[in-house]
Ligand SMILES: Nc1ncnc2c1ncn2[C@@H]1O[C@H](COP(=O)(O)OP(=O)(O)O)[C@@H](O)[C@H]1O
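Just the one chain here, the form predicted on its own, laid out as structure tokens.
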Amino acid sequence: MTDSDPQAGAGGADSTTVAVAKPAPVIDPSTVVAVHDVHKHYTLPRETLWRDPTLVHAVNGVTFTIEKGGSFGVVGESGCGKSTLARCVMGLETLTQGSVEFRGQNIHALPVEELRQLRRHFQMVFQDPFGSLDPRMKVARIVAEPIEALEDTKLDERRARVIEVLRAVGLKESDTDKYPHEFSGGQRQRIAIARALITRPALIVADEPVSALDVSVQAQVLNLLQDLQDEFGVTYLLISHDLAVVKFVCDEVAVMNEGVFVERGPTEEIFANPQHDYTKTLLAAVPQIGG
């Protein structure tokens, strides 16, 4: 007979079960957001009773990471899925498949209250500065809204933080008592950026943040984004159809078409030596002075 493992007896009186703890996943502290194989599909209404509903693959298997203090741009024509991707990263859309991890936590697997508390660390700037600000609220209330919802702070502390972020984006303390209609488009977008900064987030997702602005004002807002990154170490995910904006702001860029990344790499490299035909077409469509 051969000796047997004393703990291998199935159902024996002296047998014991040894639980082996799984090693904790290693989280790279330099990675702010990690998107893995994200899919988002939408079912359109039936056109007729005899035809199956159409399934739209808005995002179809996207993977990328953004390191702390970095700026990652997603560029593509309208309808390519880039805004849907931004909403997935923010947890505003449920995923069909995949995961989005913020500092190692899968935000789509968190309970509602835990996700709510985590949201202070990632904020969003929307495209339209005219539609994203409540016209019935004064600037002080608009900017303070995130910390009113997410943090337990006293009135004096909230006002001090509002004034701090307004000054950071180039506005004045006296602007707190004004309404959105009293500002220009560029100033309204500065207010939207201040609102995103008020919780001191690690990540800001900016969805077409300057597309509704005049060209001269666009440069001011883009310079502001870079200054804030230098001062506060903010990490950016920038969504845009404007190649010049992405080239100016982002360290790395991904070109999106029909829900997938067709090309990705350092911004200067992609612009200087595009490999994919779609990227070449986008770059060729940019107007050239004297062309």
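One rule holds for the numbers: they count along the sequence shown, beginning at 1. Everything numeric here is computed off the predicted structure, so don't read it as measured data.
One more form of this protein exists, namely the form predicted together with the named molecule; it is left out here, but the text below deals with it.
Proximity of V262 to the named molecule in the predicted complex falls outside the 4.5 Å heavy atom cutoff.
Remark: L225 does not count among the residues lining the named molecule in the predicted complex, judged by a heavy atom distance of 4.5 Å or less. Contact check for G104: no non-hydrogen atom falls within 4.5 Å of the named molecule in the predicted complex. Interface residue remark: A58 is counted as part of the site for the named molecule in the predicted complex, having a heavy atom within 4.5 Å.
Listed residues G91, G98, G81, G186 were compared with the named molecule in the predicted complex; G81 is the one with a heavy atom within 4.5 Å. For the options E77, E173, D134, E145, the one in contact with the named molecule in the predicted complex, meaning a heavy atom within 4.5 Å, is E77. With the partner omitted here, the stretch from 244 to 252, 228 to 236, 62 to 70, 38 to 46 that lies within 4.5 Å of the named molecule by heavy atoms in the predicted complex is 38 to 46. Of the residues in 208 to 222, none comes within 4.5 Å of the named molecule in the predicted complex through any heavy atom.
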